[in-house]
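Considered here are two forms of the same protein chain, supplied as structure tokens in two stand-alone entries, structure 1 and structure 2.
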Structure 1
Amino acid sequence: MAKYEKIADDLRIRIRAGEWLPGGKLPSETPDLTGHYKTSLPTIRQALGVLAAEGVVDKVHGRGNFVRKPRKLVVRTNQRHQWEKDRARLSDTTRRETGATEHDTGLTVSDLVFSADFQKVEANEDLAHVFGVAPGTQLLERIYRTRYQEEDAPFNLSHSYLVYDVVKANPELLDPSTEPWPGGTQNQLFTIGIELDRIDEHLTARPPTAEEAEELGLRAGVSVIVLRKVSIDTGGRVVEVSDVTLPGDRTELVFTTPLNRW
């Protein structure tokens, strides 16, 4: 086993044993760790790099290396979909009170900052296949970012797609200044006569790309959860596809599957 691996293992064990508390500062790379392990700086840095990639240690330039604290999780349930459907036909004033994200997080509208960008795009192979339309079909792409008032990085980056010719029936849906729309997408669809029958969510996880790390403000040692939400109406037609990128260290997804009784 390489020297840097031995050092990484030793530090990991000492961290798990509580020698330094979460948020606590490790000894300095030079001269403390190089002295303690009797090795050169690059070897110490390689060991710390392993721990940073695992999400055990946070490296902070100019300050030191710290034991990472667990993040507070934002929980997102699949019951939000039925909840949103139940509200889709309620009055405007009732719908204004809360949205689905606030429902999940327990936060109020004022804690959250929200931005929306809309544009017309042509369906690529992938989206065309999911919607069951021809590639090149006009889609409305809506990009949403949600973040806490106090934090600078968003915790949710979402690309939503709708078939342009379907949504243009209500011109308000083409205007980003109407966002955040009270009642969410299901109410928007209701205004053009669409009722959802079910929602399929496809999930994978992977390390962030360079762009995602930048945009979501992710440190080393954090994964992203990639969620594709496909909304299907009562006629069996795919009416919305939404690709959501969530930071793995701040997000817990909960899915409840009810079972038929014997």
Structure 2
Amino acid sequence: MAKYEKIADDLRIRIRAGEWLPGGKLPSETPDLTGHYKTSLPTIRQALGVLAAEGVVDKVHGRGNFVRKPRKLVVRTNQRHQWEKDRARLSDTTRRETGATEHDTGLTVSDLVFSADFQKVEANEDLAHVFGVAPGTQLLERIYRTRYQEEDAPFNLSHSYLVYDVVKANPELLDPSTEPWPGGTQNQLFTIGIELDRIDEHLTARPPTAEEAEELGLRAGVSVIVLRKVSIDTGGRVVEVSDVTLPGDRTELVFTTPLNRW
């Protein structure tokens, strides 16, 4: 093992042991760290570079190196969909109290910064196949970003698609100013007489694109989890498709599968 790797290991252990707390400043590169480890400045910087790439430390130009504050964890379970369905027919006041993001993060509505952008698009071959419609069919694309107000990066990158001719029955569903919608998509669908029977979720992982890494605030080496969520109504029709890109360094996926007893 190279010397810089040994130094990185030692600093990592000391950080995990609480010698420096999140947000705390590490000793200076020189003379503190070079003197402690009896090595050169380039070696210390290599070690700190390893920790920076792992997301353990942040280097702030002109100020030094700091223990990175952990980003708010998002725990996403498959039980969230039943939770949403149970709330879909509740009063507006009750639905406004909390939403799926609050459910997944433990935050409150006032902790969040939300944005929504809607546009009319044509279904490509992929989406047309999933919806069971002809390519070129008009869809409503809804682009959502939600972040913790104390952080810069959103929890995920979400693109939701609905068949335009289906949702236009309620003009409010076409207006991004109505977002965040109390009760989420399941209540929106309820307003046009649609009840969901099931939700299929397909998960894959891959390296992020440069644009995804920048928007999600990802460090080198952190993958993204790509989720395709397909919502199917009680008649077997696909009524909504969401493509969600989740950062691998702050997302925990939990699947609970009830098993019938013998």
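Reference numbering: structure 1, starting with residue 1. Here, rigid core means the biggest group of C-alpha atoms that superpose within 1.5 Å across both forms. Just so it is clear, the model here is predicted, and its values are computed rather than measured.
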Check: Of structures 1 and 2, which one represents the form predicted alone?
Finding: 2
Notebook entry, point to check: Once everything's superposed on the core, is V241 shifted 2 Å or more at the Cα between the two structures?
Noted result: no
Note to self: Once you overlay the rigid core, does the Cα of E212 travel 2 Å or further between the two structures?
What the structure shows: no
Check: Should the larger rigid part be superposed on its C-alpha atoms, how many degrees would the smaller part be seen to turn between the two structures?
Finding: 23
Next item on the list: Could you tell me how many Å the Cα atom of K69 shifts between the two structures when the rigid core is held superposed?
Entry: 8.0
Note to self: So with the rigid core superposed, the C-alpha of T39 shifts by how many Å between the two structures?
What the structure shows: 12.9
